[in-house]
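First, one chain by itself: the form predicted alone, in structure tokens.
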């Protein structure tokens, strides 16, 4: 932290000014994460908080790095950087444009479930797991029509805008794209353009991917046990 203070002093920023900027970034990240259901926050948004009143080129990176450290040490969140491994076929983003962050709890899973997990959003977590599992079992990529075929078998229809639990089903699926669990691309084929859903960064993240595999494994074991009993 001494090195951090030295870096800020070299930019002619007082300790008080620095603390205020870091607090503003932390407040923005926490509020935006809650407001947008965990959708990624673009680095540009955080940079603009700093550059609104300060113009030192290196200042945004220093402020964001200190905010990341404090979110971890004080709030128990990892502010993880997401970056697309490749540009979308429909939107050729540069690597810099794709840089964004999400908050990941650093609490043990059992502690998080007991004290933090919101039962009011359990249905969304379930929907997320189901959709990611379907795409995972399809090899990490699935045409839109095939995905809806599986969802319709569970009573989830793309035309349903007032599902008693999920509300607008199509919007619920689009939210998974916005949260970067899925990536949506148009693929050219012999029959024209086909919309394809593919696992994105958050679904490919180690702990999430492991949870999905464990979830699928438990279902398979139950089905095998059921067949053996029959």
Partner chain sequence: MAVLNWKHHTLIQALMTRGPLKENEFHKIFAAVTGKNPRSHERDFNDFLLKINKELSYVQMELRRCRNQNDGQVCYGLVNNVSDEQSKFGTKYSVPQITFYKGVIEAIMQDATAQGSISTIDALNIRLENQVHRGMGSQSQGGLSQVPPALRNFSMSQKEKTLDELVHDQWLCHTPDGDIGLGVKSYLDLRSWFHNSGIPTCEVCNEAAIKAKVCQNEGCMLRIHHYCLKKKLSQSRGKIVCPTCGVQWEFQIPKPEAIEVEDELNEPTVSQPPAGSKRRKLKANRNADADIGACGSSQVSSATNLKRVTRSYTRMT
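Residue numbers count along the first chain shown, from 1. Keep in mind that this is a model prediction, so the values were computed, not measured.
Same protein, other form: the form predicted together with the partner chain, not shown, and the subject of what follows.
S.K.: Evaluate residue 54 for contact with the partner chain in the predicted complex, applying a 4.5 angstroms cut-off between non-hydrogen atoms, and reply yes or no.
M.R.: Residue-level check for residue 54: no, no contact with the partner chain.
S.K.: Using a 4.5 Å heavy atom cut-off, state whether residue 30 contacts the partner chain in the predicted complex.
M.R.: Residue 30: yes, in contact with the partner chain in the predicted complex.
S.K.: With the partner left out here, check for me: in the predicted complex, does some heavy atom of residue 144 sit within 4.5 Å of the partner chain?
M.R.: Result no; residue 144 lies far from the partner chain in the predicted complex.
S.K.: Counting only non-hydrogen atoms and a 4.5 angstroms cut-off, does residue 125 reach the partner chain in the predicted complex?
M.R.: Contact with the partner chain, no.
S.K.: Of the residues 202, 42, 184, 70, which one places a heavy atom within 4.5 Å of the partner chain in the predicted complex?
M.R.: In short, 70.
S.K.: If you check 111, 130, 137, 154 against the partner chain in the predicted complex, which one has a heavy atom within 4.5 Å?
M.R.: That would be 111.
S.K.: Heavy atoms within 4.5 Å of the partner chain in the predicted complex: which stretch among 188-196, 30-38, 54-62, 164-172?
M.R.: So the stretch in question is 30-38.
S.K.: What residues, if any, in 117-139 have a non-hydrogen atom within 4.5 angstroms of the partner chain in the predicted complex?
M.R.: Residues within 4.5 Å: 117, 118.
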